[in-house]
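Shown next as structure tokens: one chain only, the form predicted alone.
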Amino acid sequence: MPKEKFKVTPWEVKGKVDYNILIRKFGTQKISDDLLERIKKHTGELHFMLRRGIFFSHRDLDWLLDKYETGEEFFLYTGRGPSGHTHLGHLTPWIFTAWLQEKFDVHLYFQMTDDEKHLVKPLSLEQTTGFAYDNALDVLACGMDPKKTHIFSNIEYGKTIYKEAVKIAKHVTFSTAKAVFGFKNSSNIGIIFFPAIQAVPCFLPSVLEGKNIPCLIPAAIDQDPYWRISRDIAPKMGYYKPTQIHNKFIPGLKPGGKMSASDPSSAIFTTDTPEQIEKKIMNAFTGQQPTAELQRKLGGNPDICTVCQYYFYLFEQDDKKLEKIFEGERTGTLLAGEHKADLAKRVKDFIAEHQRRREKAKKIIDKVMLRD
């Protein structure tokens, strides 16, 4: 097999990801039509991210549904590494998580890994903890149920987390952690211990309730290695293995990669102004021809067009309308200027509404935060 031209780790995603190769490499399962039908029986409808394969891969989701169908309620767990402001790529799995929470009426435990970001980024602990609070507002703005949502910073909830992390760490050898994460002699000892901390929420509700509770983790597939370790040690500790459902990465506004906070011009942040959003989208990469005349004559390629991909991932949930947009680009009847202008309006409206919800979240944030 030729060497992959992309890289996916918990800390870095580079290149154009081949998700079929990634499924084989990570040893996950593709979400089948039969599994989608099982989900639909419980939810009444399929979220557009499931219909379009944005959530495309899983670990033991069929087992989780078996448990649910016999009367066992599960809980959701996901998180965020707070190293800066939130962008649309971060919101993708959170919007889907809010849908899962609503449809299955379950609790959500949301981990802010402010400790990890201090260990791997040139940021102070005070900075990452500050971003944890800032990002938590974005989580709530996605529509989470505040009565069933529990957000915590690892630093502020450390007393509870550490006790369980120590128990987990005893079952994980350095050779295992090194093989999974590629740790080196130069890696600081904090990040080597951190996988035990990220594993804790997989089992935390079971600890708090004193009984085994299934766990479902909706998250981007780059975080999968953390929970591989969790799944390995779960039986040794008497817990269920956490189940997972993985999403693809929303592309950046530039060609050839995912949206990244390290390149602000490639990302739309929830704190952006309408002027910033307009400028970024009007400068976005498209799959169109270099001139309007050639575009009308030859048509473009919606599959590589970042503007089309934004409709696909978030901004057009009607499949028939989406196909009309793609066909317009493909046949040349849709030109870049009007294409970008329409998307810019949608994104500005979306961010404006999100920012209103974010302000409202400030009134309830302390009620959903777990602290020791």
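As the structure is a prediction and not an experimental result, all values here were calculated from the model. Each residue number is its position in the shown sequence, starting from 1.
There is another form of this protein, the form predicted in complex with another copy of the chain, and it is not shown here; the text below is about that form.
The candidate spot formed by R296, L322 and R346 is out of contact with another copy of the chain in the predicted complex: none of the three has a heavy atom within 4.5 Å.
Using a 4.5 Å cutoff between non-hydrogen atoms, Y162 counts as a contact of another copy of the chain in the predicted complex. Contact annotation: D366 falls outside 4.5 Å of another copy of the chain in the predicted complex, judged by heavy atom distances. Proximity of P290 to another copy of the chain in the predicted complex: non-hydrogen atoms within 4.5 Å are absent; the residue sits far from the partner. A residue is said to contact a partner when one of its heavy atoms sits within 4.5 Å of a partner heavy atom; K184 meets this definition for another copy of the chain in the predicted complex. Stretch-level contact check against another copy of the chain in the predicted complex with heavy atoms at 4.5 Å: of 208 to 216, 141 to 149, 123 to 131, 241 to 249, the positive one is 123 to 131.
Residue-level contacts in the predicted complex: of L91, A220, A234, I192, one residue has a heavy atom within 4.5 Å of another copy of the chain, and it is I192. Checking K167, K279, K254, K103 against another copy of the chain in the predicted complex, a heavy atom within 4.5 Å turns up for just one residue: K167.
Taking a 4.5 Å heavy atom cutoff to another copy of the chain in the predicted complex, the one contacting residue in 333 to 372 is D372.
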